[in-house]
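Before any questions on how it binds or moves, here is one chain, the form predicted alone, in structure tokens.
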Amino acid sequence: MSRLDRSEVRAAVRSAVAAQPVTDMHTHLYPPTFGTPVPHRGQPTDPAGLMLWGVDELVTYHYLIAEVFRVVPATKLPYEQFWAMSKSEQADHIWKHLFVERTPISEACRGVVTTLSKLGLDPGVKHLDQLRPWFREQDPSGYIDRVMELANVSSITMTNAVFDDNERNRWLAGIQPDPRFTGVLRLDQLLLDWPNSGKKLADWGYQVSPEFGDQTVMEVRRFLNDWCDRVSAIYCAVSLPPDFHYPDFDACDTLLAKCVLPVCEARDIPFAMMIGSRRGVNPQLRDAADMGGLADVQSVCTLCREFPRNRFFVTMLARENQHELAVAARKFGNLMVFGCWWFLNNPSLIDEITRLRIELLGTTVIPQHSDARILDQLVYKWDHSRKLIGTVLAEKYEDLIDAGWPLTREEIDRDVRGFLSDTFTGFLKG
């Protein structure tokens, strides 16, 4: 193993980060078996399909919807008028105001530009009709392969919200597994709305009651095991509001302590908590209505301490939580911090948070996940993140060389492999 000169570090890191396939540990993406509403090759579409891709979906992503209402406010285009438009009409409106009449300089806009460019398309067109025919010619399954190759993503982890009837009914109808995708059981409604989720479980044949007697606990566990089996869940997950606390002596506490965490422990799978999403602050924006808030890191510490045989993936939405969360991960080996989630997925914050985590945790952290809802977003999210992660790593390696460490290319390759794949898969295995 040859020692690297300081002047060789940046090129070595850039090469290693570009070459390393990513295991994307959290997305909202689906394979074609879940249906697609996107027109393609003259095939019939599924209006409620869950596989979202193509230029109209990319341009009408909720980040861009919120952004366009800053340019054309609801006083000029009422919300109800915008929502009455077709998907293509909405996309044309956004393209006109954010890409044609303005420079697409925000991160969400730049992401669209990067994606189109990497696909070999012209992002500077004046109208989306110049791009739509290309997407209509794509086969969805083949397009997944193309996007994964461009993003250098080896595996896509879904988010399977089984309390959503649209998705649940597709699973019950029989979904053929796609080896490119892995399942995750999402439990938001179960944990945050027991009165309604309990009624649903009862309707589905589980013998539960509003009170948490032994039978209800065992039946909730049976439900969790049934659906972990059905989706082949590699972990369970929940998105929590900023005011989540444990213990809070409520139904969520009971479900976590008596049902979810025991099932995860028995199945030897982690439990993921994404904490800090404040829902519906402007309901008229629909999916674009949410924002973030400061969360309680000590609740995470309590869970890690009281359930030492469980493993926890945790990410938080507030910038102000990042330091305390990273310090908490130094204290608990069963806590894995991951990703720059949602509103943290901006270059300045990814750079800052990645530096903070490396300084406190070394490479024992998962620096990023895409959180992609539109397949095409894999291209730009990983392109942008790889560059940022590579820059931080290179500077830290240069600091290490300055301190006297004999850095080798093999060490860089090993660290990058851990950062982008092995840390996640290793934590899954325990």
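Owing to the predicted nature of the structure, the values given are computational and were not obtained by experimental measurement. All residue numbers refer to positions in the sequence shown, first residue = 1.
Another form, the form predicted together with a small molecule, is not on view; read the next lines as being about it.
When contacts are judged by a 4.5 Å heavy atom cut-off, Arg311 does not count as touching the small molecule in the predicted complex.
Of the heavy atoms in Arg386, none are within 4.5 Å of the small molecule in the predicted complex. Of the heavy atoms in Ser239, some are within 4.5 Å of the small molecule in the predicted complex. The closest heavy atom approach of Asp56 to the small molecule in the predicted complex falls outside 4.5 Å.
Checking Trp342, Phe82, Phe307, Trp171 for any heavy atom within 4.5 Å of the small molecule in the predicted complex turns up a single hit: Trp342.
The partner is absent here; in the predicted complex, the one residue of Tyr63, Tyr30, Trp382, Tyr397 having a heavy atom within 4.5 Å of the small molecule is Tyr63. Listed stretches are 5 to 13, 20 to 28, 417 to 425, 404 to 412; the contact stretch with the small molecule in the predicted complex is 20 to 28, by a heavy atom cutoff of 4.5 Å.
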